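The chain that follows stands alone, in the form predicted alone, written as structure tokens.
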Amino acid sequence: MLDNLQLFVDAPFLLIQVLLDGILFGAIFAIAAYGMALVWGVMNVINIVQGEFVMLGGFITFQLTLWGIHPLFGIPVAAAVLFVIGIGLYYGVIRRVVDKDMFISLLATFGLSILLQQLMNQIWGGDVRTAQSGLGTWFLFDYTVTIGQIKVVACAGALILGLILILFLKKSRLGQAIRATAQNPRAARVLGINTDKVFAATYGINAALCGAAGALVVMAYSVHPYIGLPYTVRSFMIVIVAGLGNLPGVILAGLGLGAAENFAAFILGAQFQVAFVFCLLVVILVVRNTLLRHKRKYLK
């Protein structure tokens, strides 16, 4: 570990490389976290199947490449397919647990995650899959720092999707209905809002965002049927840090998590990267709980 830290001193440009890679990777986390923040804030459901939606979006994009279609077209296609799947899962499963205890929704979405894992394994197999975007690489600082163009596309896509989502929630009728339902579902029903359709649209939008994130993941990194859980945990952490309804905070938290995770992988070793994510989750939950406890004591 000390040797790896010494490398930052001996090669300062390596620090820039690790930081940039982490920030660009974190942008993809932010896309999936947008959806989790929506579902959690509007429906009071913690969506454990979040990571599997990301993987499914990646596999759909991979399938398009097998049919000779450029993977960049997989971003809207994966989003559209996942939107339809999300709507179907809502009416089939999620609808029945929205008003129940949160623990029941956790069990339901965990069951869905296992189901999707097995389906992806049966359809595409258990191998790691990637899709070649055909985009090149930028070389900076006399070839000491490299930036994959697809990673920049992913980062720009995260920012654009965040802006679109903010404008959608503020300007569109459905977006306003989603915000009203998030504030008070009972009052929204009294005012004539069909909250069931709002919940369905919210869950479909969440799945679509994950599908777009998965399309970027398969081009910039890789997908596998059984690595969705770390993406779910990352989304959960980002929402915990940023807070519900704080989309700009989600972007910043996603970029920060990506940078922290990349530094941890470089310093501790790639084999500890996922372990770092789970340990960081525990630390964040403990700190958050401590702050809330102090706040309650202060209010008393």
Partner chain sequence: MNGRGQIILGIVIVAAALAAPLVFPAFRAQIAMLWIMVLFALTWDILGGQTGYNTFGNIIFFGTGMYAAAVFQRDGGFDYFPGLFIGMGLGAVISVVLAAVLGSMILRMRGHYFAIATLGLGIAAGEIASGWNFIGAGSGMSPPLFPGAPGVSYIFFGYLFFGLALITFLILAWVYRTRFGLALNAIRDNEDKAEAMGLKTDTYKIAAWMLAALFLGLCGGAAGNMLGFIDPRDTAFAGATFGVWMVLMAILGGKGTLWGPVLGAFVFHVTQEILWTHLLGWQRVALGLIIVGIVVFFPQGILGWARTRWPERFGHRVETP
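Numbering follows the first chain given and starts at 1. Only a predicted model underlies this, so the values are computations on that prediction, with no experimental measurement involved.
What comes next is about the form predicted together with the partner chain, which does not appear here.
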Is it the case that residue 195, even though its partner is missing from this view, gets within 4.5 Å of the partner chain in the model of the complex, heavy atoms only?
no
Is residue 139 close to the partner chain in the model of the complex, meaning a heavy atom pair under 4.5 Å apart or at it?
no
Close approach of residue 72 to the partner chain in the model of the complex, 4.5 Å, heavy atom:
no
State yes or no: in the model of the complex, is some non-hydrogen atom of residue 118 no more than 4.5 angstroms from a non-hydrogen atom of the partner chain?
yes
Establish, in the model of the complex, whether 40, 107 and 272 all lie within 4.5 Å of the partner chain, using non-hydrogen atoms for the distance.
yes
Where does the partner chain sit in the model of the complex: which of 180-188, 94-102, 125-133, 167-175, heavy atoms within 4.5 Å?
94-102
Taking the partner chain in the model of the complex as the reference, which of 80, 156, 114, 163 has a non-hydrogen atom within 4.5 Å?
114
Residues in 219-234 with any heavy atom within 4.5 Å of the partner chain in the model of the complex
226, 229
